[in-house]
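First, one chain by itself in structure tokens, the form predicted on its own.
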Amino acid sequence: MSIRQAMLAILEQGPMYGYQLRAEFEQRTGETWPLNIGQVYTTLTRLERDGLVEVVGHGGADDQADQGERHVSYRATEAGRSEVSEWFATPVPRSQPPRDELAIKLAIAVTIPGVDVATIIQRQRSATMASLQDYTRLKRTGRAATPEEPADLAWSLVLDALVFDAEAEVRWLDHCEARLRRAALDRPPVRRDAPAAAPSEEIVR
């Protein structure tokens, strides 16, 4: 997920300091991907270095937020707005998919003797189904059920994505389980009887 472009897009709405930017991002995404404030300020520093944001002022101190430090507000530059426009206009590439921990786990598990891959799949399916039920419950209640504000609609769309991802993961786990069963059936049986010993030569006395 591109935090860089998402932050730029939010800054197009007006100047913000780091804690405001983090709060806006998490509100619009339903706190699904919480940001570390250090990550926010590190990204802002890089955006400023690249000429995509600029400092526009300093606010008052806020001991709870910045521990006594003065707020520095940022806004998107013209170059930053151009990058946001390009981001919205460009499809998300699938040529280099993000690392999927579950796919990596199963890929490694099937190559290591003694690992009970079937149990891994069963446990993961139960966990994913529980998450799917939680997402579905959230979709039917609260602000996602009847979105009135743009932020509510954004949260509803994020929930849709989480539901679709969980459903796809369950289907993929079912597919993996079926593939493992077929592979076990296709595997040649292991002979349990030891081969007969070759007759020994007669000992000449």
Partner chain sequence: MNAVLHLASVSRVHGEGATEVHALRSVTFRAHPGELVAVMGPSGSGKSTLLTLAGGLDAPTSGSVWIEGTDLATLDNAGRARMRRTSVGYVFQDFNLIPALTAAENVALPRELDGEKGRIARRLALTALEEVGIVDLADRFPDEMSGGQQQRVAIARAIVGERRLILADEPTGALDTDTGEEILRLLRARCDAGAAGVMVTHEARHAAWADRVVFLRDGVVVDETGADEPEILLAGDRA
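In this text, the rigid core denotes the largest set of C-alpha atoms whose superposition between the two forms falls within 1.5 Å. Note that the coordinates shown come from a computational prediction; the quantities given were computed from them, not determined experimentally. Numbering follows the first chain given and starts at 1.
Not on display, but discussed next: the form predicted together with the partner chain.
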{"item": "Heavy atom of each of Ala130, Arg140 and Val170 within 4.5 Å of the partner chain in the model of the complex", "value": "yes"}
{"item": "Partner-contacting position among Thr111, Ser126, Gln96, Thr90 - heavy atom within 4.5 Å of the partner chain in the model of the complex", "value": "Ser126"}
{"item": "Contact assignment for the partner chain in the model of the complex, among Thr32, Thr136, Gln27, Gln39, heavy atom within 4.5 Å", "value": "Thr136"}
{"item": "In the model of the complex, Ser85 touching the partner chain (heavy atom, 4.5 Å)", "value": "no"}
{"item": "Arg181: touches the partner chain in the model of the complex, heavy atom cutoff 4.5 angstroms", "value": "yes"}
{"item": "Glu177, heavy atom within 4.5 angstroms of the partner chain in the model of the complex", "value": "yes"}
{"item": "In the model of the complex, Ala151 touching the partner chain (heavy atom, 4.5 Å)", "value": "no"}
{"item": "Threshold 2 Å Cα movement between the shown form and the other one at Cys176, rigid core reference", "value": "yes"}
{"item": "Core fit, then Ile120 C-alpha moves 2 Å or more between the shown form and the other one", "value": "yes"}
